[in-house]
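Shown here is one chain on its own, the form predicted alone, set out as structure tokens.
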Amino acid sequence: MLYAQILVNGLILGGLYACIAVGFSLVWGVLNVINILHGSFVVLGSYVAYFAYVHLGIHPFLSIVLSGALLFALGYVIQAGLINRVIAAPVLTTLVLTFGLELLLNNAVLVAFSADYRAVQLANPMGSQIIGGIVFPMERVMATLLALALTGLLYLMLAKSKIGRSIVAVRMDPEAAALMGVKVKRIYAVTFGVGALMAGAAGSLLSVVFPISPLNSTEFLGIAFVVCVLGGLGSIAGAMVGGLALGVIESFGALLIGPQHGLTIAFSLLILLLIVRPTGIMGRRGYE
């Protein structure tokens, strides 16, 4: 029964990890930009949920709409105004740019909200349910289900909508997409905005699970990076599989060597996978 409980805990955690990583994977896969800002976007989403609940009484599960909209606008403006100017430059240039923007944004959040940890204290917590001897913490379960639903909606948007097909076309061949009338730089900005939207939504969901602080941005970025490499670059399904796999591995690893070594386990797994299967679980060889 102990191992079944750990497995359930890992799957619940992994669903949240998938939601954290999917926007990062999308931006990296379409724009070839390693978005170092991603962790701070997640933190900002958590702060939006916190203040929306404290001052407006909006439940964090509902504030994903607000945080997603605000982060989409922020991501669109950053991409259209700054990153698009160097999008054709070598990847190191965009990496340094997003790293510098991350320093600015993270320090701005530190000045605005301080490094103190905050937590969303729900007036009517959902509590836990025991099914078959396994404890299901309902806030975490609902957050995970919403995270997986958002990931599924993103997949459908890319597969079925006009803007989604444009994003996929730009990912596959931006020159050919431009010849077909796609405004490539606009699609780049929209894609970056969607990645920020997913990060903000993930932050809202995480606000009922983890304490909120600007100091968490590095951890969220590390999780996104590991899940993206584990699942496969640019793959929505890969991000979901990678997130669930990382959650389960972390949960069982915590049993063996302690919960304080979660990131150690994650990055050890990353190094091992890069040696054994550098394309990830669902990645394609030769894709850049």
Partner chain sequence: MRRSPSRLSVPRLSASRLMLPAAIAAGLAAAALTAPAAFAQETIKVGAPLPLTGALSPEGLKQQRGYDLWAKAVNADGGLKVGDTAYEVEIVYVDYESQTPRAVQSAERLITEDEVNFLFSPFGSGAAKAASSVSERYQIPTIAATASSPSVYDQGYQYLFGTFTPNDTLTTPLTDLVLEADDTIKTIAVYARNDLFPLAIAHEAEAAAKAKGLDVLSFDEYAIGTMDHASALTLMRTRQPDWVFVTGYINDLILIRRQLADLGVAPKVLSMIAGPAYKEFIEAAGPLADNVSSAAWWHPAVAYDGDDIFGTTADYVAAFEAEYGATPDYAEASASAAGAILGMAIEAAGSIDPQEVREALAQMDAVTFYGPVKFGETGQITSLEPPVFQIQDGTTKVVFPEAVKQTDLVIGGIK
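Note that the structure is predicted; figures quoted are calculated from it, not measured. Residue numbers count along the first chain shown, from 1.
FYI, the form predicted in complex with its partner chain isn't displayed, but the following is about it.
Among A119, L95, A73, A176, the residue placing a heavy atom within 4.5 Å of its partner chain in the model of the complex is A119. Only one of I87, V109, L82, V209 lies close to its partner chain in the model of the complex, with a heavy atom inside 4.5 Å, and it is V209. Residue heavy atoms within 4.5 Å of its partner chain in the model of the complex occur in exactly one stretch of 23-31, 59-67, 236-244, 249-257, and that stretch is 249-257. When its partner chain is considered in the model of the complex, Y47 lies well away from it, no heavy atom lying within 4.5 Å. A residue is said to contact a partner when one of its heavy atoms sits within 4.5 Å of a partner heavy atom; A52 fails this definition for its partner chain in the model of the complex, lying far away. At least one heavy atom of V135 is located within 4.5 Å of its partner chain in the model of the complex. For the chain shown alone, I36 is not a contact residue for its partner chain in the model of the complex, no non-hydrogen atom being within 4.5 angstroms.
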